[in-house]
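Before any questions on how it binds or moves, here is one chain, the form predicted on its own, in structure tokens.
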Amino acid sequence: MTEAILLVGGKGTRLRPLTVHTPKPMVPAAGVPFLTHQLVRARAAGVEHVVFATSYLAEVFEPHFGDGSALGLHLEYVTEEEPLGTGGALRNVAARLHSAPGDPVLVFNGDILTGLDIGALVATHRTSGADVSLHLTRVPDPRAFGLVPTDADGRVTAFLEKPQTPEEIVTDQINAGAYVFTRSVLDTIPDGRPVSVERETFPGLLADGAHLQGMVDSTYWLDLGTPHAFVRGSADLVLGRAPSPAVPGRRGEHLVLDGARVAPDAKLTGGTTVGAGAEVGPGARVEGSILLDGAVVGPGAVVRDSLVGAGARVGARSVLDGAVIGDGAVVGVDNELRAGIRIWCDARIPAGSVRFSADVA
């Protein structure tokens, strides 16, 4: 049996207002909580037991997923009393694992959408005899990431901070947020204090001569840490660009969930999701966006690359482009919201009052 730990304790600050009432991994993407996509893919790869390392809004996870039997999994939940960082979270849940000291344990970050071949990562770990194996991906511009160079055999040689100059870009490989630990290595992480696996655990293991293996898998990969990225990831799931057996419908230009109402002449394109009970009015256009359950888009409105929260309303003829509308917010008619504007939960925007504004609470 292969076991996994899911790191789902982050506050999702960059995703607010989506995460005011909902932990980041539970925000819906392509019709289901994002975490569902990770769990279903893990199960398809042979994982049977998953331990959630929770912290922020920890009470939300178990009522939704229960014991995991509906997904063919055995799920357990461990809540941090205080934030422990990625490494501290792993150490905090290690006692719930059933693996023998030499067995592999998968670790996933709860905000990464990826087409990673999970079985290949485990196989790489076993055949290389590594203490830890890391999924690495190549990115066109690595300046926003820490770099992970490897030698000709794929062995990790360093963990480098974000490059500040072109000369410091020695590789385009970055840490993609999925790992396989040999079970005994988890017990070497200090207990009861915050530990960063990226800045402390991995560099420390490397300095001590441990074997850290990198596996480059440059299939689909996206960090969903920002609203723009989250909306894009959901659209890619609907369009079939990102793989997931959990999408509740056929891949295509749009996904309309049960109970939603879409006017016959409305246009839904670009991987749009329309949640249960949501409404799209006559003549409206929704492109590459997420409408959560109960959202309403009025007649003639245009919603592009945006997320409209649960129960929120977008008035007739309003234009949203790259916007995030919090749960329960109301955008009056004839507004124009662009350039990444965020409207906070339950806010009220009067008719015709906003043009390219900053965040509105």
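Note that residue numbering follows the sequence shown and begins at 1. Everything numeric here is computed off the predicted structure, so don't read it as measured data.
In what follows, reference is made to the form predicted in complex with a small molecule, a form of this protein that is not presented.
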Would you say all of R285, P299 and S318 touch the small molecule in the model of the complex, counting a heavy atom within 4.5 Å as a touch?
-> no
Checked N109, T124, N175, T182 for heavy atoms within 4.5 Å of the small molecule in the model of the complex; positive is N109
Contacting member of A278, L237, L134, A89, with respect to the small molecule in the model of the complex [4.5 Å, heavy atom] | A89
Distance check, T54 to the small molecule in the model of the complex, heavy atom within 4.5 Å = yes
If you check in the model of the complex, is T13 within 4.5 Å of the small molecule, heavy atoms only?
-> yes
With the cut-off set at 4.5 Å between non-hydrogen atoms, does P142 touch the small molecule in the model of the complex?
-> no
4.5 Å heavy atom contact, A4 to the small molecule in the model of the complex = no
Counting only non-hydrogen atoms, the one stretch of 289-297, 302-310, 46-54, 322-330 within 4.5 angstroms of the small molecule in the model of the complex is 46-54
